[in-house]
Every structure is written in C-alpha cells, then in structure tokens.
Ligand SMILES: Cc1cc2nc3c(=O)[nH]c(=O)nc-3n(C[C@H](O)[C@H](O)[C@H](O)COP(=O)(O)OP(=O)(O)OC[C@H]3O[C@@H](n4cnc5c(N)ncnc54)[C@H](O)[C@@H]3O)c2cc1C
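Below sits a lone chain in structure tokens, taken as the form predicted on its own.
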Amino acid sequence: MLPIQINNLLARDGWTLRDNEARCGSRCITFFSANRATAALAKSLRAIAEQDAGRFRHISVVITTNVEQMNRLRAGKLPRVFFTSIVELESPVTTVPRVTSFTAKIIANTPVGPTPPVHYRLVFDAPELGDILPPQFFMMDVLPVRTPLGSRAVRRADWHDGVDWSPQPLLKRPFGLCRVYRPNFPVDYLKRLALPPALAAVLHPPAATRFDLLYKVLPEGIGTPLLTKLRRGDKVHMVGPLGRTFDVRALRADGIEEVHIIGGGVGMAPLILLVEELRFHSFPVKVFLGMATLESLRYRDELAATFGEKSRDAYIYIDDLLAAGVAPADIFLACDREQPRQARRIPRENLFHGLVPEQYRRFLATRKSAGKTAAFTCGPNRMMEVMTEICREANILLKVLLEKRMGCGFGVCFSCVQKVRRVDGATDYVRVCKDGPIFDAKDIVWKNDDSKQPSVNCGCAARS
C-alpha cells in the first residue's frame, strides 16, 4: 500500500492514484517498493522503459525505507527510474554531498569555436561526483597523474628525459560543471519529462557518472594552457563537491512562478546544471546568453551527435539548453561583436546585437506580467553589477554565482574573499568557496578592490 503522502502530492497537480499507478491524461507513473527482490524489480522497470520507448510518458518511481537505502539504489544499475524514500515523503530532505578526493578518467578534451580555439570542453568519468548539486564546484589538477620515477626502470643516462624540468603548477583549479550524464537516461530526457511539481520536490534521478566542463584558455595563464594537453585515458586528481548547494525547492515555497537565467560568456557554463535542476522541478525557464560571436559557440567533435544534432555541427550552450528542455522561444542570444542572423530554432526576434544586460532590460520593458520571478546570473563582475541594478528596478530577486581565484576550496587560505553588506548596513568579507559560490545580489559590494575591474575584454566596459 502506497503512503498517503503520495496521493496528497499528486492531487495538488490534478493526478489520480489507483493502486500503485498515477495518471494524468496520457501520462502515467508506476510506484514500486524497494523491498522487492532486486532481480524482479529490475525486470519490471525494464519492461516499462522498453514499452515507453524513450517518450517519458510512463515512468517508474522506487520508494525506499530511508535515505541511505535510496542513495545506494541511486548509485546502482537499475533501469530507468526515479527514487524517493518514506523519510523524504514525511519531511523533504536536503542531502549535502560528501567531499571526496578521487581520480577522474578523461573521456574527451575538444575545442569549441573557431581556430585557434579559446574554449575547450572536457568530458570525464567521476562517479564520486554523482550527487553534486548546483552551484557546487570542484578543485582539479591541470596535469594528469603520472607514474613516479622510482617505480619505473630508467637508465641513468635517461634520467634527464624522464623528468619534466619545466615549471609546474602546485595548486588545483576550481571548476563548475556544465553537464551531467546519468546511466540509462538519454542526454535530452528533460525535453520529454513533465513531472508533477509537488511530486518532483521529493524525487531524485539516478546518480550521475559522467560529466563535462567548459573552460577558457587564458593566454597569460599557466593552468588552462596545460589543460588543453589532456588526452583520452589520462587520469586527473580532483576534490569535491565543494561549496554550498542551492535548494531550488525553496523557490516553489517562495511562490516563484518563473526563473530567468542570464549568462555572460564562459559564465554560462555552471548555470546549465542549474537549468537542468529547474527543469526537473518543472519550473518555466527563460535563458539570456551573451557571447562575443555566434561562431564561438560552435562545437566540432564526434560527441556532437549526442546532442541530437548533425554531427560536427552543434552549438555549445544552445544545444545544452535545448536538451535540458528549454523551448527555443525561451532562449535569447546577444552577441556584442556581430549581428546574429540564425541560431538553431531560436526566433529571429530573440537575437540581439549588443550586451546581454541590455537585451534583458529591453525584454523586461516589453513583457507582460508572468508572476513572481527569480533570476540567476554568472559572468564578468561588471555584467553582474549591471544586472543587479536592472533586477532591483524590476523588483526581481537576483542571485549571483561568483567566480574567484582559489587556493584550497575549503575556506582555509582566504584567497577568494568577497566584500558584502550585512543586514545592519556594515560591510564584511565572506569566502566564495565556503559561503558561496551563490549569493544574493543585493548583498554584494561590487565596487571595491576585491572585485575584478571591468575591461574591454570582458565586454562590459565602454569601448573607446
């Protein structure tokens, strides 16, 4: 017999429950108890997945006794299924992923955009990050793990060639994830999934095992140029997940009816994972993306076929957003160095020549009321400062995802401090790695020596 909480949650969104099946129109959810034998459970789940044929109109949910049992099953190999627990149904639980030190295996490291490439997409296997939540990040070495010299048979005459004498970075670099990939789930499953919002608040997908990140090569840097040399099969040491999570369920409790995502350049990358989380919880999402040129988004690689587009002709971010279930009409693209003419199925009126804050300002001036709105942004500091003013004038709650240089990622070195304004009006400092990386925009003191200064390169300063 199913817990009474299941029926109460489904009834809020017009679903009817009979025995162990819930229905709403042509959609169906079948519930299973985790106490069934694993083999029999897997057989039933596989039958539903095969009959549904990837449409996600008939999905399965396994109910466990406690959170620990749920997490064990989420990390297993059950066919396509979602999970919840009796404990979670009684009182929603926010799980904080455990910080782990581990080695990840590189799957691909491919350029994005024109030649010579400035952006790269790094794909890797790391089950240890399976429970990472937005906007968490991780620290990663920029060099692969190498076999110690003492464990190899090396002739004395070859010692010089066996040792890399060039300067090497000692510290890991912080990175946010762009996409996560879950076993038995297609990359674009969120395009077809439509969970009842009340039930989605207590559901969990299977743990992810494969991830990717987007990074920008800094010509004056040491770490990012070394990252471009990573190859398939290399192993890299990482530590994570780090940083505080953001529970998107709190938006529903606050009455938020629509969410806006505003990303500038590579700052859009860590917001993709947040978009996926919002779409999983059935939030309407509009995305505003600012780039230098449309061509800088072009993704040319054998993995492009996984985006459901023509191989070697995909656009990073745009294809990611479409795969996450964002409608083409809800994607807005601003290019400050050219007039974008055509970008996938994005309507022409959503293409803008200029900076993304100005595009967002014009959108707000013409839109009809869509209920209470929240916004999230990441990008150059000057862009986020302008966004803070725009959202303040429009009475929109804005949260900013800050990016800072970090030495440890744990809050020990104090190299990533940010000046903020306290409730009493006084100023203080917080650590982005420990207290963030997401903050209320109204609390940030932008114009101070701790923030990056605007420059022409970031696309936010006035051009002479």
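Since the model is a prediction, treat every value here as computed from it, not as a measurement. Quick note: we count residues from 1 along the sequence shown, nothing fancier.
In what follows, reference is made to the form predicted together with this ligand, a form of this protein that is not presented.
Proximity to this ligand in the model of the complex, defined as a heavy atom within 4.5 Å, singles out one entry of V266, A343, A126, L89, which is V266. Among the residues L41, L398, V62, L402, the one placing a heavy atom within 4.5 Å of this ligand in the model of the complex is L402. In the model of the complex, no heavy atom of R279 sits within 4.5 Å of this ligand. Mapping the unseen interface onto this chain, F288 falls outside it, with no heavy atom inside 4.5 Å of this ligand in the model of the complex. Although the partner is absent from this view, R173 contacts this ligand in the model of the complex, with a non-hydrogen atom inside 4.5 angstroms. Using a 4.5 angstroms limit between non-hydrogen atoms, L214 touches this ligand in the model of the complex. The stretch among 66-74, 402-410, 53-61, 27-35 whose residues place heavy atoms within 4.5 Å of this ligand in the model of the complex is 402-410. Residues from 216-233 that approach this ligand in the model of the complex with a non-hydrogen atom closer than or equal to 4.5 Å are K216, L218, E220, G221, I222, G223, T224, P225, in the order they occur in the chain.
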